[in-house]
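Here you get one chain, nothing else, as structure tokens; it is the form predicted alone.
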Amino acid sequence: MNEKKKKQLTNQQKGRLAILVTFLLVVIALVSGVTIGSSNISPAAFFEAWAKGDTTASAYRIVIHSRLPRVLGALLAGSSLAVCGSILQAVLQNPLASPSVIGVNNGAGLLVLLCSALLPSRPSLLPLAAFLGALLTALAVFALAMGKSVSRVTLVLTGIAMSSILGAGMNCIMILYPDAYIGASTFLVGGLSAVTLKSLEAPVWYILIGLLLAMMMRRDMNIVSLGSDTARSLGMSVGRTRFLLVFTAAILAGAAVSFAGLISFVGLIIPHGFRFLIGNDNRYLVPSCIFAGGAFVILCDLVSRTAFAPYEVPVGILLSFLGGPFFIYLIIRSRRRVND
């Protein structure tokens, strides 16, 4: 009994340490993202211009109109997608589940393009359209995952097939409506170059609500991940709880896609990395994902816009290079466990 308590205490200490470290990491990433670029800007130069009210100073203009919106967008997108991935993995009891793998991102993207094509004068509807697309796709996968005969591999393959179908729908819309989305190529691979403070006004509320719901339901995620029978024996309404969690995941994924495009693999890499470090306790995993996901995308975006200067690579391409091999590794490891 003492050994069990000691191990539990150790896991709690790891979880709290992870939250502290990731918080410090996101602060460092925010400062780096704002100050480092094609022209480096010292914090002192920016604050001096800000204190004097000199809006014409180059440091002020670069930070306020270019880097700050981009860094905030990366923070919001990374946090929401990482938490979305942790929720889907808990609900579907599948370590390979993530918003990009099971088609949630493409579902949001399809309705975003459709809304842009049919209602080009209503950009404020894009976050809502993205949310609805993500929700419908997530519910479809959720319904399939409830089948007793559905294996983890079958579920992932079905998600990939759904992503392909939804991707074909997006391509069809762009052929029929070439002006459906300005910079559609960047949207499809995922990028933050077009993010402005105005474009974040609506999504930020969706994301804050989604993150708040996720934080409130961390204990429920722990119970759901134990399986339906165990959750029911503990008095949980499994169907309602799973629906609320899927609803939360759809809010997060849809809001992120509405301004950042189809950024992939954040919801796969970050939750897995922290499960390896601190275990499966969502009380610590969710807040760690909030900070680590934001820091991860900020730093990846920083690399993508500085490594090949004066050219810029959309951050979604870099994330695909990182996430693709990681996904293959997880599939191989999953097959080895089945064989063993």
Partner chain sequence: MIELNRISFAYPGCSPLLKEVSVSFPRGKITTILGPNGCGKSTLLKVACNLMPATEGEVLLEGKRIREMKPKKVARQVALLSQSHQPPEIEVADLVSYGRFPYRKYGQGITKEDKRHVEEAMERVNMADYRHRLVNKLSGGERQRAYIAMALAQDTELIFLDEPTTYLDIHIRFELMELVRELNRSGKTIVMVLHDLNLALEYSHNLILMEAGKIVTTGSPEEIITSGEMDRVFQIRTKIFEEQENTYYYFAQKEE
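If you're wondering where the values come from, they're calculated on a predicted model, not measured in any experiment. Numbering follows the first chain given and starts at 1.
This next part talks about the form predicted together with its partner chain, which is not shown.
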property	result
The single option of L200, L211, V189, M236 touching its partner chain in the model of the complex, heavy atom within 4.5 Å	M236
The single option of S193, N222, S164, N171 touching its partner chain in the model of the complex, heavy atom within 4.5 Å	N222
Any non-hydrogen atom of R122 within 4.5 angstroms of its partner chain in the model of the complex	no
Partner proximity in the model of the complex: L136 to its partner chain, non-hydrogen atom cutoff 4.5 Å	no
T35, heavy atom within 4.5 angstroms of its partner chain in the model of the complex	no
Interface membership of R61, its partner chain in the model of the complex, 4.5 Å heavy atom rule	no
Proximity to its partner chain in the model of the complex (heavy atom, within 4.5 Å), stretch among 200 to 208, 110 to 118, 213 to 221, 96 to 104	213 to 221
